[in-house]
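First, one chain by itself in structure tokens, the form predicted on its own.
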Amino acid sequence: MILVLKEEITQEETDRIRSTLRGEGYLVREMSDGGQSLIGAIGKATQDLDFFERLPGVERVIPIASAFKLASRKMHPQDTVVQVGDAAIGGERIVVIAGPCAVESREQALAIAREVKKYGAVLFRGGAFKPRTSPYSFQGLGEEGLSILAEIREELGLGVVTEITSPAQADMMMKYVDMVQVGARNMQNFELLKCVGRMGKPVFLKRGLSATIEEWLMSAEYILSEGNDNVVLCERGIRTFEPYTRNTLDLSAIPVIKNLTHLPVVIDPSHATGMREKVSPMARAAVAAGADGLMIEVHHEPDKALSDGPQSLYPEQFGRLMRDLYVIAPVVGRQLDFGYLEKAQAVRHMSAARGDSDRRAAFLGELGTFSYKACAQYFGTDVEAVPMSSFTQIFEAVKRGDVDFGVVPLENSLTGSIHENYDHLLEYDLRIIGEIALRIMHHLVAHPEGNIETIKRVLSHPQVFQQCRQFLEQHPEWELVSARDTATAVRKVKERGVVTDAAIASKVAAEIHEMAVLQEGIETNPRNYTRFVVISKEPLENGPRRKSSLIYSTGNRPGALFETLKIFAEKGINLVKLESRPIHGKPWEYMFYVDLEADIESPSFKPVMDVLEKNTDYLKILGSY
């Protein structure tokens, strides 16, 4: 059961509730949901619910009917994010775990690890102990394999995941790896589950070959009941009557799991299909269905693999899959970040250099805005998100050093550039260190008892009204009221308490303020994306640098702009954006903002920049990222 505590509860009352629950034999977990204090109590009921509702400080008691308690979303309404090395599974970014089925040699494992990291994997998988159907098949290298995994982590910065098959291996796992995997055959090995629960390391729990979802969650309950909250569920296909694939991948488990539990879910299409050509389609489908990550088997010589070669992708195939996922992820509100590890390591290096661990990033508006979501997807949990009231305030805060980073929009695919921020980039001596493209989905948000037929007044940011023009034209009687940002609009609607008011905002903003979504996806064009950039005073040391931005002006003479663009063309540098902005105080003269697919600050590009500088009147490098 869950005890919802009163807002005015005293510490003495809280202590007494805990003591009473423990005296009744309950396992006690303290939680919060949207600022509301909760206590979860797990155990066999010895008193009726009325007894606990009468305790001073208790507002109400919510029973949990499901067999699994700690894994239940009722017990833990917020999604769990499991940190493994520099990767966070269950957050805003898709996590891809890749590597061979088994560690066969140091050379083999390192070669594959370099390849999967190059293409964007953030965790490395490889079996050191292999439970096989046949006792004569390759069983793994044992501790030698574990030491190879540890070497991969040290050399490449990839967290490592491997399977534990016996409690006797626990000490070795603690010594060598970052995450332990409980395989499908061991899903109901309860002594092993209790063992990994006591180890405290993140656990990757695969679904059994014939297990129901409830049986799978009950296995997770064993681990959670030992005090280990860092559990990731992995759907890897179940055994059915169908012979055309190795197993049947149960993609319908993803939304079911998301509804039942707070634990993140990862899909393993390699074991599910058993066939190389079917892995990528199922991986793409899994991301579209809402999976938090993927586990993909990759081998540079699958025909010579000692285990599961037919289902292993070649590195180049893995690279193509990752590019597909990069495109698919934003459609469902997620990101696949090719610079994930480089970014996390650069932020950590910055913290170490300054002697503290707190990094801060400013965004426009309140929690729940699209700027906040962009900040969360770019940095994950590595930095603290700080709300600001204007773009100027963000630039000033970064300039003064009050925050380390700023996240600001530059352009929208429907309404074009945010010119104010282009002007700020020229004015302030700051650098672009990264970018992120966010799909913008607008929803009509109102009070739970509201009705679209009775709406009279709608609040949102003016640009949002433009992006939802076609929908709003169907309701010409609505009064449109400008707000600073979408989350502020939702908050004002809630505070005003008028059921005929509504806001246009994100689903996150609606959830934060406990409001209802009356209609989803009301933007005129579903291809509605906003490109955000991340600004800072200094570049991220060793951060990703695949693109560059610069500003320049040319003389007012025929062919002047052409001469600069010709420099890029002759050197094979792809120009992905060109925008002109008027120069303040100089009518009909312009600055050109240029984005290039190249690291123009690398030594190899110095000759190109020297020629460009000779052909421009003004040149400023905004950053490489």
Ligand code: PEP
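The first residue of the shown sequence is 1; numbering continues from there. Note that this is a predicted model, so its numbers are computed, not measured.
Quick note: we don't show the form predicted in complex with the ligand, though the next part is all about it.
Although the partner is absent here, R125 sits close enough that one of its heavy atoms falls within 4.5 Å of the ligand in the predicted complex. Interface membership of C101, defined by any non-hydrogen atom within 4.5 Å of the ligand in the predicted complex, is confirmed. Proximity of G183 to the ligand in the predicted complex: non-hydrogen atoms within 4.5 Å are present. Though the partner is left out of this view, E92 does not reach within 4.5 Å of the ligand in the predicted complex, counting heavy atoms only. With the ligand omitted here, the record of contacts in the predicted complex names 183-191 of 432-440, 469-477, 215-223, 183-191, defined by a heavy atom within 4.5 Å.
A heavy atom within 4.5 Å of the ligand in the predicted complex is found for exactly one of H461, H271, H76, R334: H271.
Proximity to the ligand in the predicted complex, defined as a heavy atom within 4.5 Å, holds among R236, R491, K373, H262 only for R236. Contact annotation for 1-28: no residue has a non-hydrogen atom within 4.5 angstroms of the ligand in the predicted complex.
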